[in-house]
Ligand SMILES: NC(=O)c1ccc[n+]([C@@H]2O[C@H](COP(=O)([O-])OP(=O)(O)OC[C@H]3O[C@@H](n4cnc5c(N)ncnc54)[C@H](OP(=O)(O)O)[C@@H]3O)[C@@H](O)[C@H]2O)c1
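Given as structure tokens, the chain that follows is alone and in the form predicted on its own.
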Amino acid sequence: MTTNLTGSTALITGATSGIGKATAAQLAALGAHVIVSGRDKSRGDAVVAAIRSDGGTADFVAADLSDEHSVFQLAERATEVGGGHVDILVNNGGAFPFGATADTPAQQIDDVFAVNVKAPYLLVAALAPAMAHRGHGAIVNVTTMVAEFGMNGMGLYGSSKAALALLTKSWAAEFGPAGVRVNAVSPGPTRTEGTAPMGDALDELATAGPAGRPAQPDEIAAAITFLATDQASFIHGALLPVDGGRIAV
């Protein structure tokens, strides 16, 4: 099985930092033309510049995943910039608020589900049919370990990602027969710019797993990259835990 992605276009949401940034670098290193997406142009341009300096091919397309019009434009622009096709879609961008149910504003519920569920749904709806028509493609959704068990303060975040986990299986059943593989990666605590405000709480959360430490973004990206390549050619509808063994305890 080859890991050569030359000739493929990969769209990664939330790719200006953390797991998405690491995934963009790894896919580009395998030859994919990477479409880096996020809200911050300066950070996106920096990711693109780093990939290009390493000999890869990348472009930045700005998008706000909370705005459905922006999501539709992202699908159109990524296809255009990618030479008329998107072969790999990584739904990595997400909102991850923590807090008590009683303290959650109603608008925040809509906002989180718009980014974590609606945006991936719209991107798959826009891009997967063309993948199916070509007879190949890979979609990798990024969920979370707290989509699979209850944790105090993480109900909103966890439930939105649990919806994405179910959609992964539904899309695998829908698009798999046409050659489009749909899978998901379920990360545990990961040290990124987005989780920095958690401070020591991130390390405390990580101690519950056998690894006893938070992941680095590259470790999660490696699993995403695996599922995007032909090395995972017989894997459909899987939820791959990359959580330091938290699933075992």
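Residue indices: 1-based, along the sequence shown. What you see is a predicted model, and the numbers here were worked out from it, not measured in a lab.
What comes next is about the form predicted in complex with this ligand, which does not appear here.
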Inset, instruction - Select, from the options 171-179, 101-109, 82-90, 143-151, the stretch whose residues sit within 4.5 angstroms of this ligand in the predicted complex by heavy atom distance. - result: 143-151
Inset, instruction - Mark E193 yes when one of its heavy atoms lies within 4.5 Å of a heavy atom of this ligand in the predicted complex, and no otherwise. - result: yes
Inset, instruction - Spell out, yes or no, whether the shortest heavy atom distance between T229 and this ligand in the predicted complex is within 4.5 Å. - result: no
Inset, instruction - Using the partner position in the predicted complex, report whether A63 sits within 4.5 Å of this ligand, counting heavy atoms only. - result: yes
Legend entry - 4.5 Å heavy atom contact, G18 and this ligand in the predicted complex: yes
Legend entry - in the predicted complex, residues of 209-242 near this ligand [heavy atom within 4.5 Å]: none
